[in-house]
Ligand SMILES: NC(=O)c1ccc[n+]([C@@H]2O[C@H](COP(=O)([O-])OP(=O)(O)OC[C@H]3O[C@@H](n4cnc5c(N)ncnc54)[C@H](OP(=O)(O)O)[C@@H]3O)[C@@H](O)[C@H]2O)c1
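One chain comes next, on its own, written out as structure tokens in the form predicted on its own.
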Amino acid sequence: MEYRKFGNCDFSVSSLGFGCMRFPVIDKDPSKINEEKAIAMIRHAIDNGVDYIDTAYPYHGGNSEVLVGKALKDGYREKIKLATKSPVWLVKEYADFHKYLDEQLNKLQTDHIDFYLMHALNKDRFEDLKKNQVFKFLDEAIASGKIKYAGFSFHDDEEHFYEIVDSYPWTFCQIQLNYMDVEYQAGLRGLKYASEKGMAVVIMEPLKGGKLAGNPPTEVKELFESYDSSRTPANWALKWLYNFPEVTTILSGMSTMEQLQENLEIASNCKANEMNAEELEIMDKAKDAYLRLTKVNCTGCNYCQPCPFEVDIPRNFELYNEGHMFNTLEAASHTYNNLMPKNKSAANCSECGKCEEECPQNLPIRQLLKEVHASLGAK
């Protein structure tokens, strides 16, 4: 396992971080974590060098922090740096900051959180946080020892990223980055800007919600195999990120032990500035191929869920994208019309707009759902 310096801090963390958002679940219910499998995965990761564990208040219906607290018993808490995130959308007054922090400490069964993030910041949320004296809270929480280092995760445009970075002496930030999203939100420029300010930069969505780890379209597959047929799509995507020395750690939300094993192997064999010119050219060509095929830039984060009208928005977009990317529109249409419950389909959208308020990708979901139904609905 490679370890990278955490910004201007005097310690390093593992280049692979365990993201606790996609644990194995029971009966396909995200709130029902398979505790035995999830705990085994976390401990296996730690035993093999991972020392950055990242969770958040809403993950798995509020149960991720509880599970992590259980997994970190028996001496595992002392082996890692623990990150979690303040549910800033629930903060209505200053006292709420402390209320939720204390609740999280209790759920995680710890007396301190190493890395505490203001969760999913955008312009509007940040303005609300400032009105509620967020910087005062962070200073007090650090002084009390309840948190060690303050940071934020980000979902907005590049301009507002710089504004937030410059507003407070943050230790670190968490941004979405993968080879498909180099100019999306903070993007590569944001990565370099934060790093130049001395901040550690944690990467989320490195595989774009798993989409860059599956079976790629023929053109992409042939590109990868032309160089090295033994390397998986996930290997290419993660290696591209590890190539940037400004990247501190990459979060992967792993659902199976097999995914964990692959990520551990990749992390143990990737270093900064290691990709050659031919590999980098292949990555650029792969990006171009995907861009020609992808219809909706959805990562499957589920922030839009639950829909008041029960539409399974991520699943609709997944079917739509897969149908176009893998030339399987007929199969996608069959699933949409015959296997998806009618109340879950795009046709059930009432255009209330709640999903667009929550979407960290700022997608025009209502219009996109119309396009999904037009493409996949029964003719």
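Predicted model, so just to flag it, every value in this text is computed and none were measured. Note that residue numbering begins at 1 and tracks the sequence as displayed.
Not on display, but discussed next: the form predicted together with this ligand.
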> Candidate spot Pro216, Lys295 and Asn362, all three in 4.5 Å heavy atom range of this ligand in the model of the complex?
Replying inline: no
> Here the chain is shown alone; which of Asp156, Glu262, Asp96, Glu279 has a heavy atom within 4.5 Å of this ligand in the model of the complex?
Replying inline: Glu262
> in the model of the complex, which of the listed residues (Asn122, Thr110, Ser255, Thr171) lies with a heavy atom within 4.5 Å of this ligand?
Replying inline: Ser255
> Pick from 74-82, 96-104, 279-287, 147-155: which stretch has non-hydrogen atoms within 4.5 Å of this ligand in the model of the complex?
Replying inline: 147-155
>> Check Tyr336 for me: does it contact this ligand in the model of the complex (non-hydrogen atoms, 4.5 angstroms)?
In response: no
>> Residue-level question: is Tyr320 within 4.5 Å of this ligand in the model of the complex, judged on heavy atoms?
In response: no
>> Against this ligand in the model of the complex, would Lys197 count as a contact residue? Criterion: heavy atoms within 4.5 Å.
In response: no
> Can Val13 be called a contact residue for this ligand in the model of the complex at 4.5 Å between heavy atoms?
Replying inline: no
> Using a 4.5 Å cut-off on heavy atoms, what residues in 12-34 are near this ligand in the model of the complex?
Replying inline: Gly19, Cys20, Met21, Arg22
